Ligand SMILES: Nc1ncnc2c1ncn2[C@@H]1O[C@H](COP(=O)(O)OP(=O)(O)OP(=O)(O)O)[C@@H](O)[C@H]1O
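Below sits a lone chain in structure tokens, taken as the form predicted on its own.
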Amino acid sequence: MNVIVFASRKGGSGKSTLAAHLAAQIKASKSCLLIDADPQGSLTLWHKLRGTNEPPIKTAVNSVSGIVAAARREGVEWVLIDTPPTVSAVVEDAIKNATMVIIPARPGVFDVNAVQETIQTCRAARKPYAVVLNGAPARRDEAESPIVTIAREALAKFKAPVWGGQITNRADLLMALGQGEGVREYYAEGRAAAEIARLWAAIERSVKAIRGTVSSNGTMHKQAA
């Protein structure tokens, strides 16, 4: 079983958004469980808007370990955990259970600076992690926005692994969430869906590298970097 934890001290970084869209992407072909450990309940709201129990969701307050253990016994392939933007027992417990931690960050000075604490928590727990630039300005003529480049340079100073792609600030992402859908379900041919699909492919390849089933070349994680 693979456990992907979305963690960041910065509120509004996109943890719930990425978890929802990736869950919709994964559930099309693999068994998936969502765990909403954020008291704000954004992921739970999205799940209610779906009007189905696909993928299923559980809520957690102080610990996710029991839910993760039950999912493992039930043969769930992927568990996605959304966490609050705090330093708390549930965040530490989620990271302890993680196969890989995804740290979303918008390309701004406050957001990039805020990832440091989460990176340190991952390193202390010796858990693979990667920063994903989210809510980024659109690329122009195949070139990324200067602010994205600056964000990558700043993250490089932390020696943090960063996904080579980006999740662009697109209306499809928000429109899909408002209808209880993932962007793949909302408009599969759109650019937003393509970016989520690329992120999922990168996560899947990174997890295989963590498991030792493929070469780590080109993956976005780094063990206790």
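The numbering used is simple: start at 1 and walk along the sequence shown. All values reported here derive from a predicted model rather than from experimental measurement.
One more form of this protein should be noted, the form predicted together with this ligand, which is absent from this view; the next part is about it.
- Between the options Thr59, Ser63, Gln40, Ser31, the residue in contact with this ligand in the predicted complex by a heavy atom within 4.5 angstroms is Gln40.
- Heavy atoms within 4.5 Å of this ligand in the predicted complex belong, among the stretches 171-179, 22-30, 156-164, 65-73, to residues of 171-179.
- Residue contact check for Pro128: none of its heavy atoms lie within 4.5 Å of this ligand in the predicted complex.
- None of the heavy atoms of Thr118 is located within 4.5 Å of this ligand in the predicted complex.
- Proximity of Arg205 to this ligand in the predicted complex: non-hydrogen atoms within 4.5 Å are absent; the residue sits far from the partner.
- For Arg152, no non-hydrogen atom is located within 4.5 Å of this ligand in the predicted complex, even though that partner is not displayed.
- Using a 4.5 Å cut-off on any heavy atom, the residues of 85-120 that reach this ligand in the predicted complex are, in sequence order, Pro85, Arg106.
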